[in-house]
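The chain that follows stands alone, in the form predicted alone, written as structure tokens.
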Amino acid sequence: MEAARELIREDLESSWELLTLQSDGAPGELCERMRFLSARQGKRIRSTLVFLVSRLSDHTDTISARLSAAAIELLHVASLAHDDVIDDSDLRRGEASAPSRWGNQMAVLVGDYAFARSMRLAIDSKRSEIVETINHASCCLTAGEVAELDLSRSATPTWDAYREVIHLKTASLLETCCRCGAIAAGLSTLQTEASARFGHRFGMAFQMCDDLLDLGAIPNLDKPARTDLSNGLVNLPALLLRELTGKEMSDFAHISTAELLSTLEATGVLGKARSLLNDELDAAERELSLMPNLPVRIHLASLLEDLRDRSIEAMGG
């Protein structure tokens, strides 16, 4: 990941400058609040995908790539502000969340403004394909919140419903990153679609891994461990446990992380999770083979391997 970031460092820095400029001129308290959200860069995985895919060409539209990355990151920031309101979360990346700092009303308004400014960035690319792609992602994120609420209220959550949630809330945005990168690179239709599918598969595996991280096998994460478990959320291990044993994750909230991992291994939950996650990563590798065979492809392949290793850690090694 670090080698990839070094390759695209100038693009990453320029796109973040574009994002932070969206705070300028915001009325009232929005300016300060937007600056706060813009200061929390995170791992920039979304921008990294945009820029790596955009390098699969010798005639990249750099401006469009940077505007796309800034728009997508701002869209992600907006969705997190809204997520924390809906989930009643006190923490985000180890710090007080937007609603915890400012209250729900201000957090919603800042999120709304960030959504609007992300579309302004997309429009500035003057590429209709990019505008349509990012607009579609915005719709998917909202639909994903609705689908997640429906899933949480269901007495019989299904695998298909879970996949729809993680597709809309996570995979759709990573798919958007790769599609925008391919558009900026001027790739053929076939290569663009392969790039988008790569992003989708990577995104599905990314969210599955995130669900597994909640088990607590890896200490010192950006968010408290086992919050999904304590809140009774329907995530990957919870769904598999119900499917394989008929039990609920909340039944094991009182035991240690080591005991929990041992139980999930013995019941076949972790084995099934490994298989499902590896299926997504293997499919992403197949899509990668259809993309232009330039040196930068090595870095995209390394993202898949990093995620594979991370998922192994998340399940206790």
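Residue numbers here begin at 1 and follow the sequence given. Small disclaimer: the values here were computed from a predicted structure and weren't measured.
Another form, the form predicted in complex with a small molecule, is not on view; read the next lines as being about it.
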Can you check whether Phe115 is within 4.5 Å of the small molecule in the model of the complex, heavy atom basis?
yes
4.5 Å heavy atom contact, Leu75 and the small molecule in the model of the complex
yes
Taking 4.5 angstroms as the cut-off for heavy atoms, does Ala225 touch the small molecule in the model of the complex?
no
Quick one: is Ala217 in contact with the small molecule in the model of the complex, heavy atoms, 4.5 Å cut-off?
no
From the candidate stretches 184-192, 242-250, 84-92, 124-132, select the single one in contact with the small molecule in the model of the complex, where contact means a heavy atom within 4.5 Å.
84-92
Tell me, which of Ser152, Ser100, Thr158, Thr142 has a heavy atom within 4.5 angstroms of the small molecule in the model of the complex?
Thr142
Among the candidate residues Met106, Val234, Ala147, Leu80, which is the single one with a non-hydrogen atom no more than 4.5 Å from the small molecule in the model of the complex?
Leu80
